[in-house]
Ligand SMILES: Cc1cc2nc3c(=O)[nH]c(=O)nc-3n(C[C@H](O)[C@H](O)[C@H](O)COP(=O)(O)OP(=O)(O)OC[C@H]3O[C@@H](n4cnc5c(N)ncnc54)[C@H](O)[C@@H]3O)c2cc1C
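Coming up is one lone chain in structure tokens, specifically the form predicted on its own.
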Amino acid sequence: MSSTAPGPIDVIVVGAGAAGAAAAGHLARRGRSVLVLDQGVFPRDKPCGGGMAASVQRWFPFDLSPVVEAVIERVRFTWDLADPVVAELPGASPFWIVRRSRLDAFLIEQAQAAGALFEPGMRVERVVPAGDHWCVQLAATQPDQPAPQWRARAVLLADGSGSRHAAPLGLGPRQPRFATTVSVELEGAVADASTAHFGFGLVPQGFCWAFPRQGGTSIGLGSFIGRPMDGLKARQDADAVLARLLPSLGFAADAGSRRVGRLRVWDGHHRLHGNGVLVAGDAASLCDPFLAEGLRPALLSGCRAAEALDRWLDGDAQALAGYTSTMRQEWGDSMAWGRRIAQVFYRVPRVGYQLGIKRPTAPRRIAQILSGEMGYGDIAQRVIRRLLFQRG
């Protein structure tokens, strides 16, 4: 996958995940010179449930189906592994399951086919303005050699939840809010390949999910309010939850490889642009604070960032500010309501399950949110009033 970038570069993309690779492909197809840098070696594994609305297909000129491992037709909700509620998802294929190692590699391959250059195994140390360009400095490969660096007219930061570059440049929240997550990959037969499971009541101030995929199941646990737990405490708590959850899904209580992580969740409207620089994906803190959906906003922000950068490179001075406004309108306004729902729901989850999930129309509404047909703002005021009134 490695290439060497000749001549001047229009855009350097830092991070080859879903957001960065999507942006690189769109920019390259518009004739822009693009260099993508990533510290990983591809294809790489990444802890992620891998669920995304099939509606993301409309943002791409190529077919995404080669990396779709399961098509979800219904969602099953439970409280403490009982009291189930099942919702049929709208549309012919509203929710897809992908494996991030395959999706990210596929997207960067599509970007390369369009003309983008890709340098894996490159750790970016500094991103600094340099006159009318940006300088991206890499980690030194030899102790006695100067650090390699690249120059470009613009930079897109898409380096994930662990981004070290966004906040120092005044992009996104200065102090991001993180959810604690534990991811488990399980190999084996899947009993129902078209149903996704969301379990409430097992994880304090959060929930667990089980997504079927080819040859196995992806499990995730997330705690979405309160302070993030340290790795050891998160692992211990997760082991206790998994000892109950996994047998209910037909797996041994100690099965699967387990990874503790932190998910950077949406926590308010923030500036996502600077002079010649944007932030996208998890680095921009776009993950849904209620249902932990991260792929759709990553792909959305990558596509919208590419559009804005293309206009800016053509001389539209307001294009990058327009990206911040667009992401607020298309994603952030809904997430503001999602955060309010999460703050109430996860503090009184049993009440939330009874008054929210179990209401006749609620599962359908959540299914519509997952499929991209509806935003949290469409339901939030009624849900919050209901929960607050019951608490009182």
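Keep in mind the model is a prediction, meaning the values are calculated, not measured. The numbering used is simple: start at 1 and walk along the sequence shown.
Not pictured, yet referred to below: the form predicted in complex with the ligand.
S.K.: Would you mind picking out the stretch of 77 to 85, 310 to 318, 276 to 284, 147 to 155 that comes within 4.5 angstroms of the ligand in the model of the complex, counting non-hydrogen atoms?
M.R.: Comparing against the ligand in the model of the complex, the contact stretch is 276 to 284.
S.K.: Is residue 295 close enough to the ligand in the model of the complex to count, meaning some heavy atom within 4.5 Å?
M.R.: Residue 295: yes, in contact with the ligand in the model of the complex.
S.K.: Check whether residue 15 has any heavy atom within 4.5 Å of a heavy atom of the ligand in the model of the complex, and answer yes or no.
M.R.: The answer is yes: residue 15 has a heavy atom within 4.5 Å of the ligand.
S.K.: In the model of the complex, does residue 160 have a heavy atom within 4.5 Å of the ligand?
M.R.: Yes - in the model of the complex, heavy atoms of residue 160 and the ligand come within 4.5 Å of each other.
S.K.: Does the 4.5 Å heavy atom contact test between residue 42 and the ligand in the model of the complex come out positive?
M.R.: Yes, contact at 4.5 Å.
S.K.: Since exactly one of 359, 347, 46, 328 fits, which has a heavy atom within 4.5 Å of the ligand in the model of the complex?
M.R.: Contact residue from the list: 46.
S.K.: Would you kindly say which of 270, 177, 197, 100 lies with a heavy atom within 4.5 Å of the ligand in the model of the complex?
M.R.: Spelling it out, the residue with a heavy atom inside the cut-off is 100.
S.K.: Does any residue in 108 to 142 get within 4.5 Å of the ligand in the model of the complex, counting heavy atoms only, and if so which ones?
M.R.: Contacting residues: 122, 123, 124.
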